[in-house]
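Let's start with one chain on its own, the form predicted on its own, as structure tokens.
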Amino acid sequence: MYIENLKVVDCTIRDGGLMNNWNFDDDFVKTVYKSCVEAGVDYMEIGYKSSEKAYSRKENGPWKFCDEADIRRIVGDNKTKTKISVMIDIGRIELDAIKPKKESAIDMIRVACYVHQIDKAIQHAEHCLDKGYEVCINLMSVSKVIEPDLDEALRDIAKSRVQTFYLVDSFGSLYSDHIESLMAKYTTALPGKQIGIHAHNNMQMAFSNTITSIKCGATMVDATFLGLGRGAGNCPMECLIAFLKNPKYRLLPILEGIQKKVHPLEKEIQWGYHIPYMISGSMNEHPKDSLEWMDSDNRNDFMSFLRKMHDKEVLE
């Protein structure tokens, strides 16, 4: 499936860090970076850029903060075709702490927000644009957003200077018909802008939904090595690269990175499809309850978790 202007974004360290508080050692991160470069992956999202006022360094590893020295220790001056990306959250970063692009190894900054934060997200994104970065806005939890609010957000994005806007299935609850409908809405409301997709795998739909979004016009797509990401994880990079059959990308370096580092990590932390994640996804709920359940001794008591989620739904 050859699409000339398609761009692939690796989120292994950033989204995978949600499972180990971004405590990846340098060798792990360097291996993922080397694999991305050799595979022709367009962007590697190396983590979050966050303020120490918002997060503790005692509880979080370096890729929650993405200091310039840490990034350069991995990528040097990054004289490759793989660009470096970071994500920022509204209210958890001091904008003045973001250096001008000419002083940074970072190429792109992605702003994550909820629909009620769209004005602030545009402000953050345009601040980063003025400093010379590529920018995206990732509107999270779109499956919970009512249509009038989404339409208003899209109108604001259309008037902004932000060139890339993401469809984010935060809860892994969307099916292909939802993706088709949202992609039609996004592309109609945002002519001339690039649409991206970030999918979670609670319902085992991340790969399928990513393919659907591409067929509907998405030109920036997220994936992770072996699907490493929060809870059920994300669209697997190896599946995506194999599907694209684009000579720009190479599968072997991805498999090398998985074999050397990501697959062995499964002995330490657990991610990927599991029934508690499926339950929260099917109910269009944030995976925090399923994550807590998976950390308990009851992780394989699927019926009790379903009852718990039904009881919570009734109470709410």
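Values in this document were obtained by computation on a predicted structure and should not be read as measured data. Heads up: residue numbers just count along the shown sequence, starting at 1.
There is another form of this protein, the form predicted together with a further copy of the same chain, and it is not shown here; the text below is about that form.
Each of 243, 259 and 300 having a non-hydrogen atom within 4.5 Å of a further copy of the same chain in the model of the complex: is that the case here? Contact check passed for all of 243, 259 and 300.
Would you point out which of 55-63, 24-32, 40-48, 250-258 contains residues with a non-hydrogen atom within 4.5 Å of a further copy of the same chain in the model of the complex? Heavy atoms within 4.5 Å of a further copy of the same chain in the model of the complex occur in 250-258.
Just checking whether residue 207 would be counted as a contact of a further copy of the same chain in the model of the complex - the rule being heavy atoms within 4.5 angstroms. Output for residue 207 is yes: heavy atoms within 4.5 Å of a further copy of the same chain.
Does a further copy of the same chain get within 4.5 angstroms of any non-hydrogen atom of residue 170 in the model of the complex? No - in the model of the complex, heavy atoms of residue 170 and a further copy of the same chain never come within 4.5 Å of each other.
Contact flag, residue 288 vs a further copy of the same chain in the model of the complex, heavy atom cut 4.5 Å: Judged by the heavy-atom cut-off of 4.5 Å, residue 288 is well away from a further copy of the same chain in the model of the complex.
Although the partner isn't part of this model, could you tell me whether residue 236 comes within 4.5 Å of a further copy of the same chain in the model of the complex, counting any heavy atom of the residue? Residue 236: yes, in contact with a further copy of the same chain in the model of the complex.
Name the residue from 151, 94, 130, 180 that puts a heavy atom within 4.5 Å of a further copy of the same chain in the model of the complex. Result of the distance check: 180.
Could you spot which one of 71, 121, 226, 109 gets a heavy atom to within 4.5 Å of a further copy of the same chain in the model of the complex? None of the others qualify; the residue that does is 226.
Check each residue of 83-102 against a further copy of the same chain in the model of the complex and list those with a heavy atom within 4.5 Å, in sequence order. Not one residue comes within 4.5 Å of the partner.
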